[in-house]
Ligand SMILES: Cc1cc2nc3c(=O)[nH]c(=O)nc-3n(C[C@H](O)[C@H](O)[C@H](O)COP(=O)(O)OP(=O)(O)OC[C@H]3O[C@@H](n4cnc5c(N)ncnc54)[C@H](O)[C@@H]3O)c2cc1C
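What follows is one chain in structure tokens, specifically the form predicted on its own.
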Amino acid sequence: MKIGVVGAGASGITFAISRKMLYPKDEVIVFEHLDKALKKILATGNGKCNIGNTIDISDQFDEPIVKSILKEYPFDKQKEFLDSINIKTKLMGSLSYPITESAVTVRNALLKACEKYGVKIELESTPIDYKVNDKGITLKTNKGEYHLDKLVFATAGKSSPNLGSDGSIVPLLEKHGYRLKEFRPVLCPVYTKNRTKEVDGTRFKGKVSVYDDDEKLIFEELGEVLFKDRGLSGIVIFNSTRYMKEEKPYRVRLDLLPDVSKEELKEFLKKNGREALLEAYLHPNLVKYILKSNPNDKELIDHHIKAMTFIYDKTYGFEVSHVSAGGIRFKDVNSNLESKSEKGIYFVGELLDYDGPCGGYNLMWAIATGLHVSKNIK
């Protein structure tokens, strides 16, 4: 069998290696429009490459295909594949990293596996169109035509366009009748309508709660928050963007002291006064920020320390987002991730309408879908 893969990212390369391991006689060609493969993986985990997580989140998804694939390829199963191509990992809590703590190690191991198993990678090769008929698939690129038995799209979404995920494949897929769910940046900072310049660079660990127009709680998580010049950042903020799906005035409430009750704060305030309370519990930058509005004692605790409120404006752009939400809808593929409308066309990775939280889950999805499709192409 001759199989083409469009996109030399984590999902496409995983598919290619796994397929050649399972079926050595198959010919697998990966087409990458950049001048290098696996550019995006170098940025994963701030260069350390958070490649997995031992915590199973499959039950957080309603989509049956997502749930099934994540259960089929949990952490241990993916670790077996990584071990087989000499990517040795270690755990830091529930997070899995290469022992070297270097994304370069992961990239090099994947490329060496491609070489070992005979995966061909065509760089600076851009797909122009493809045709599907009873005899197979003809893929036309800027370098010529290729006659294939199967074609796998692994081009990711729109996040980090400088690393290759620029959404350039969308017009071609739309030409073939696919109506992708519009991509949007997630796992990124957010702009707020409130001024935050005074506390730019200040970090704290607290609880983030996001409410919609009807004051319904749509997200809540403990973690580190980073104030930016024009908004909020930090992993817990990144995760919240998966739930803020439109530019609506969501309210983001920060509990600056989640481990300290209002009652304890009020008792301390009563005994020691406002100045002592602020100095004892809060970062000096936050103290200055709060005092600018000159709150009374009740407001100080109830609406500033325990529920500092920001009005969401929008997320930062694709250029800083870790992943993008949206993509090929699961109703358009079967359980093997094969197109329902075009025989022999498959989709893997971020190009599908999946987005996971921070913690290695998006790279795990890329690997899981690559392994899943490699096994199920017949």
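The shown structure was predicted, so the numbers you read here are calculated from the model rather than taken from an experiment. The first residue of the sequence shown is number 1, and the count goes up from there.
Omitted here: the form predicted together with this ligand. The next part is about that form.
Student: Would this ligand in the predicted complex be within 4.5 angstroms of a non-hydrogen atom of every residue among 8, 50 and 154?
Tutor: Contact check passed for all of 8, 50 and 154.
Student: Only one of these stretches, 307 to 315, 33 to 41, 60 to 68, 337 to 345, has heavy atoms within 4.5 Å of this ligand in the predicted complex; which one is it?
Tutor: That would be 33 to 41.
Student: With heavy atoms only and a cut-off of 4.5 Å, decide whether residue 125 touches this ligand in the predicted complex.
Tutor: Answer yes; at least one heavy atom of residue 125 falls within 4.5 Å of this ligand in the predicted complex.
Student: Whether residue 18 contacts this ligand in the predicted complex should be assessed with a 4.5 Å heavy atom distance threshold; does it?
Tutor: Residue-level check for residue 18: no, no contact with this ligand.
Student: Evaluate residue 166 for contact with this ligand in the predicted complex, applying a 4.5 angstroms cut-off between non-hydrogen atoms, and reply yes or no.
Tutor: Residue 166: yes, in contact with this ligand in the predicted complex.
Student: My question is simply whether residue 45 lines the interface with this ligand in the predicted complex - judged by any non-hydrogen atom within 4.5 Å.
Tutor: The answer is yes: residue 45 has a heavy atom within 4.5 Å of this ligand.
Student: Residue by residue through 301 to 324, tell me which have a non-hydrogen atom within 4.5 angstroms of this ligand in the predicted complex.
Tutor: Counting only heavy atoms within 4.5 Å of this ligand in the predicted complex, the contacting residues of 301 to 324 are 321, 322, 323.
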